[in-house]
Ligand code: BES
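Before any questions on how it binds or moves, here is one chain, the form predicted on its own, in structure tokens.
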Amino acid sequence: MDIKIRKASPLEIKTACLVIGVYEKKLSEPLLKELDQKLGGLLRQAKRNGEFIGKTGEQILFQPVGHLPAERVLLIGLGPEVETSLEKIRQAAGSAMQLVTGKKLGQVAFALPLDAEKKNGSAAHIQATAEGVLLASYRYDRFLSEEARGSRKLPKSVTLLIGNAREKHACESALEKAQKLCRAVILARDLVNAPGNIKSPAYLVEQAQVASKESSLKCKILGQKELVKEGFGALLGVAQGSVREPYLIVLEHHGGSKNEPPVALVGKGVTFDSGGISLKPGEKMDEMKMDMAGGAAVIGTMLAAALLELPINLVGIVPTVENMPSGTAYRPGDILTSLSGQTIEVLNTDAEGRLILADALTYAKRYEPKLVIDLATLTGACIIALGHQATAILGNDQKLVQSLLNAGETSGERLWQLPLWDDYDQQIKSDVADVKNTGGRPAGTITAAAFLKKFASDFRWAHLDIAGTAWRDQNLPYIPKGGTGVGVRLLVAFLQDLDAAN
């Protein structure tokens, strides 16, 4: 799919489908009035009939039948102009791509919105449009037949229209950024969607190594022997029920000065989570192939940082295991000694993600990071609390948390903060070890974070529980069913504005 920038009037461009973004109750704009004249008043009629006034997500498709160079004109509502956002642009572009792809059209041109150059310049809108186009085009079709793959055809040509030729260079740069960023999101989606029979911890290692070869990333792998030697007791405890060996993946991006402390990203990499001896119910257990979405987000973010040449130092750490029941599996009641030396009483083997993260957070300390962010599909309680609309964020540094909240609004991957008061520590207090791995049903997302806090006390730290946002059961404008790749665009937005967190 070829995407290009072009300075042209929307009504003069020849294409199979012209997509125009329209603000609510702004149908009197000069371009729309001209369009209405060429359509013989059909737009005014649609307004009178209440079919289209520009509300968010509204669509109406016209076929000008020779009155315009474009064969079709698709109007998409952007809502009130005062409430416009880059996320609305992404969603509008994604919705349009779904329609264009469904009709198997070969060309599409976008003008989202009409007057972007009057605001903060067109570049940000071009990037948001390109992100919506590219991410809506994604499908995980690796295991489909050639015939099934061929039944879905993306447009060969996508044109992003601008109104000011002086902005073309900036818009082309924005398009390039979008393409690199979406490459990383698609990697994360592919990793999450891969089935469990393919996606072993070793497979995750291979994909991290491929990402490092594609870019300037440095990759280091700790295998079982190294993990035993180092003392990764919590991680190894989870892994011992599977015949598939565990690993610790470490990716490094050196974009800052030599002595600058890095930002550390830590992602849960449980490639399949059966629950272990505390076996999960059979319903929807197939979706537990996505329990490494935090690790996928870290690998994707590291690739994005390298491709975008972000001027910072980053280290990405992904502990990866498979959690299975067997004669060698760890048991409820076991006590594990973590890499930090703290002992952990295991009450539930399905609370395994926090165990491998505990060792990974401890490992991150040796990099003397300026801050640490972990991502994990950690608790079902998070879905109960926030549904699938937001990621939970908790941490020990409010400035860091606020910066991530801001990045969530910018990227459209929204966060919601939950408290992390010391009161919750009582729920994970153990009589026989330093801490227990679950505090029971009450405040499950918070007590999981309280557990992690005990291994993150030496640095500024934020925890993102992506249990509700890493996987979708139904299509959204630019997010197809399955793995969402959540976290990559959020973290890149955060890293690009890192000064705000310092």
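Treat the numbers as computed from the prediction; the structure is a model and nothing was measured. Numbering starts at 1 and follows the sequence shown.
The discussion below concerns the form predicted together with the ligand, not included here.
None of 356 to 364, 223 to 231, 187 to 195, 273 to 281 except one has non-hydrogen atoms within 4.5 angstroms of the ligand in the predicted complex; the exception is 273 to 281. Checking E252, E409, D350, E172 against the ligand in the predicted complex, a heavy atom within 4.5 Å turns up for just one residue: D350. The contact with the ligand in the predicted complex, taken as any heavy atom within 4.5 Å, belongs to M288 out of L105, M288, L86, L307. Though the partner is left out of this view, L378 does reach within 4.5 Å of the ligand in the predicted complex, counting heavy atoms only. Contact annotation for I383: at least one heavy atom lies within 4.5 Å of the ligand in the predicted complex. Contact annotation for A467: at least one heavy atom lies within 4.5 Å of the ligand in the predicted complex. Although the partner is absent from this view, R90 stays clear of the ligand in the predicted complex, with no non-hydrogen atom inside 4.5 angstroms.
Taking the ligand as positioned in the predicted complex, the only residue of 427 to 445 that brings a heavy atom within 4.5 Å of it is T438.
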